[in-house]
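The data below hold one chain only, encoded as structure tokens and taken in the form predicted alone.
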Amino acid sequence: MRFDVAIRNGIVLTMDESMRVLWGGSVGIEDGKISYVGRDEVRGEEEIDARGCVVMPGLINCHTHAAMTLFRNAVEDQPLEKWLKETIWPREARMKPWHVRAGARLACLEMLSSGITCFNDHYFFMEEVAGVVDESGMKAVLCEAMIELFDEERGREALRRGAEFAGRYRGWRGRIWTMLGPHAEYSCSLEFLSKVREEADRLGVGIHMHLAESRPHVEEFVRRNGVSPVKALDRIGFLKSDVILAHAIHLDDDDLRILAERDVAVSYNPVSNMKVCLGMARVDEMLRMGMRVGLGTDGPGTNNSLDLLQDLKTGALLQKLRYMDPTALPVEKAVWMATRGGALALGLRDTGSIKPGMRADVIVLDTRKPRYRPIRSPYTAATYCSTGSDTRDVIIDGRIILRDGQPQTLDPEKTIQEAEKASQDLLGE
């Protein structure tokens, strides 16, 4: 059998309904889609020998702020409120499109070099991010951040910009999807969020927002509105299956039940949440309730890294600690969350699994290294032994974007130089 791209001899994690592992497996790719998965000999116009390596679906980063690479390693050891108000927001107010372009390009270089094939981004000047995504060959779900701050005129302009971007770039290049991006329950009024819901329905796009991220913000919301953020959003008809909530940490049992009944998706961002001491989301319970949960890095300002494989290990361990239960978030569910689960959380039905008919978004991890050996369970190896730097090959829509660790679409040296210049301009240090 001959294909456009042939992957041979790999340890294939299909991440389909069977969750099967193919030792010495082959994958055939034709016209941007997976055409064959099995153990037969395959040949291709381009061939990848994955002997001793794990072959798996591309990683899905369900929540980030890509251009915040420019703030990486700048200010540490601060609580969220201080970090936002004294460090980030004043500098973000000075950002220009070229800053965002430089920061997003560095983020895409890092992510594709770490096995991430698609990311869900919430930031400003998103036209620049869309251009960089197209240049890099990656996939993305993008939304313009909308911070109303209980100001009706400001909210009207923010919604106009967000809706204009979402309408113009929806389905762009076949690799970009859009949402509306209200910031959070503590920075947007319920009246504004109701208008966002109406606009999302009109445009036929989803909504990506932060929710229940910090206990003080939730407590203040309850004092102001009499109920939790989840219950308030449910009352205004905001919560639907096209909503993905970042963080969703401080939830009670009724909140969880409402989110499950409304089929709302959640992005679990363990490293960022740990770093600014926000708490631990009830992810194991969410998954047991059948909720769609994906894994996110959050922005490089509060994570420092866009390495989803490192966060996969941390996230799995953190759930065991949260419940004091070693069976919480088993490795199969953890890897599912980083791949197929993340795709479903974003409403992307045709990626995240290695099976015929799916888009060919596939990565190869170099698991021949000593710290992986011996491999008894590839799911365990991927969860507890891997880092993004182990990514050897990345294929997106059948196109090889990373080959033997070398980016094929972005110039690493130029990308880093531009980001350094942009960061220096913003931070002035």
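Bear in mind the structure is a predicted one, so any value in this text is a computation, not a measurement. All residue numbers refer to positions in the sequence shown, first residue = 1.
There is another form of the same protein, the form predicted in complex with a further copy of the same chain; it is not shown, and what comes next is about it.
Residues within 4.5 angstroms of a further copy of the same chain in the predicted complex, judged by any non-hydrogen atom, belong to 369-377 and to none of the other stretches in 27-35, 50-58, 369-377, 394-402.
Contact annotation for N304: at least one heavy atom lies within 4.5 Å of a further copy of the same chain in the predicted complex.
Under a 4.5 angstroms non-hydrogen atom cutoff, a further copy of the same chain in the predicted complex lacks C143 among its neighbouring residues.
For the chain shown alone, R72 is a contact residue for a further copy of the same chain in the predicted complex, at least one non-hydrogen atom being within 4.5 angstroms.
Remark: E76 counts among the residues lining a further copy of the same chain in the predicted complex, judged by a heavy atom distance of 4.5 Å or less.
With the partner omitted from this view, the residue of G279, P356, G167, G347 that lies near a further copy of the same chain in the predicted complex is G279 [heavy atom within 4.5 Å]. Distance criterion of 4.5 Å from any heavy atom to a further copy of the same chain in the predicted complex singles out E110 from the list E92, E110, D242, E148. Annotation: in the predicted complex, residues V271, D325 and L427 each come within 4.5 Å of a further copy of the same chain through at least one heavy atom.
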